[in-house]
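Single chain ahead, by itself, as structure tokens, in the form predicted on its own.
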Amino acid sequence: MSSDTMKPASADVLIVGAGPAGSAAAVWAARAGRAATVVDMAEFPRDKTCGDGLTPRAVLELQKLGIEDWLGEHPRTEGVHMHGWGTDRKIVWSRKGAFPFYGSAISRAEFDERIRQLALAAGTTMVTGTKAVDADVHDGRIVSVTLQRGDETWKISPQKVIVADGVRSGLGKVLGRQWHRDTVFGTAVRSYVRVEKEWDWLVTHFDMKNTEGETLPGYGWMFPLGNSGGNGELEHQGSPIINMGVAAFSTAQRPAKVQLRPLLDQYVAEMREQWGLVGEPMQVKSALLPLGGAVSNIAGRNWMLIGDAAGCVNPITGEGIDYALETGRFAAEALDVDDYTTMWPDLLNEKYGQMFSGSRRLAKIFFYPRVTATVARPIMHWEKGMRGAMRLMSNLVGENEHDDAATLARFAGNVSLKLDKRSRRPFH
């Protein structure tokens, strides 16, 4: 049931945020027999700043949710067509291991609405146009959450709370969530651009130059969306659409000195002829991303942060949809646990700690263009090395895989964890 007029006073499981993380949590909670109430400040469908790309890791979660047929109505990507340091290489998604061998790309307006509808079909109560603005917390337990709709406010008393309200996480901030900008974070701008002919690869460009000719610590992307209309407001004009954008890495000590919109325009101009871009960028939006668990205070006795709110974003690629879907499932599976204060950070560290710690440390190499070029050039010409690098960058290493790439990833992650200063763990 979905409504923008309901004012529920209590909930078995209160989920704040109806994006992929919150809606996935609602699906799994409802399927397990729990009564889930989801609140979101937006009215749906709504747009969301994102690259719209789906890795095989995300595809696996959609298979588990039972909507692979719907996924088949959208572009299927073969892998990543990576450019940089004087060469380019197409690297197919791994044909072995724990994950499917294909990816996709779907606009967030359509994607988020599909997962939300799945939650509704499972029996979730959905309250839209409503924001969680405060919480009463006693001895680490949320007693009530203050909800606001327009000029009205009221309190809801939940048994369990899953916080999935995105990157800035307003409720997370109330609960003490802190974003540590000494670790790498991302700034990005995305747009929709029409193309003469679409392709079946996630296209990326590294070693980019900013408008002053300096090497950018980041990358550009072009992801195929087929005949999708972005947020639904674009009239189909007979040519397919891509999601096109640029991202830059930063830390508090090394902020990215770049203006994203001029950089996007430069990227579009440089790619126009080769890739058959048509017209100008549409629906341009920017975003800020905490990467690789760069937040703390993510759980209490009866509450936990998931998805972007918990900093579950790939430190190299900025990908977060797969982790949103996964952490939504993990949270629902943990609803019978009495106390999440240490259990939840421990779980996220077990699942992502090695990869996130190692990758966010690796991301800092982009601040040193000459070092990056020295390392990247030989790897770009080494096919096996590129396959392994893409698996590591995309976190496509299964828990039970022990090939060279998996072994290297775990070794590097363990070393990095020992070097971490904040409790030696990304999540706490």
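Residues carry their position along the shown sequence, with the first being 1. Keep in mind it's a predicted model, so treat the numbers as computed, not measured.
Same protein, other form: the form predicted in complex with a small molecule, not shown, and the subject of what follows.
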### Task
Taking 4.5 Å between heavy atoms as the contact cutoff, choose which of 362, 386, 373, 42 touches the small molecule in the predicted bound form.
42
### Task
Taking 4.5 Å between heavy atoms as the contact cutoff, choose which of 377, 64, 31, 48 touches the small molecule in the predicted bound form.
48
### One stretch from 135-143, 262-270, 159-167, 72-80 that, in the predicted bound form, holds residues within 4.5 Å of the small molecule by heavy atom
159-167
### Query
Is there a heavy atom of residue 100 lying 4.5 Å or less from a heavy atom of the small molecule in the predicted bound form?
no
### residue 131, heavy atom within 4.5 angstroms of the small molecule in the predicted bound form
yes
### Task
Evaluate residue 326 for contact with the small molecule in the predicted bound form, applying a 4.5 angstroms cut-off between non-hydrogen atoms, and reply yes or no.
no
### Message
Considering non-hydrogen atoms and a 4.5 Å limit, does the small molecule approach residue 21 in the predicted bound form?
### Response
yes
### Task
Please state whether all three residues 16, 108 and 223 have a non-hydrogen atom within 4.5 angstroms of the small molecule in the predicted bound form.
yes
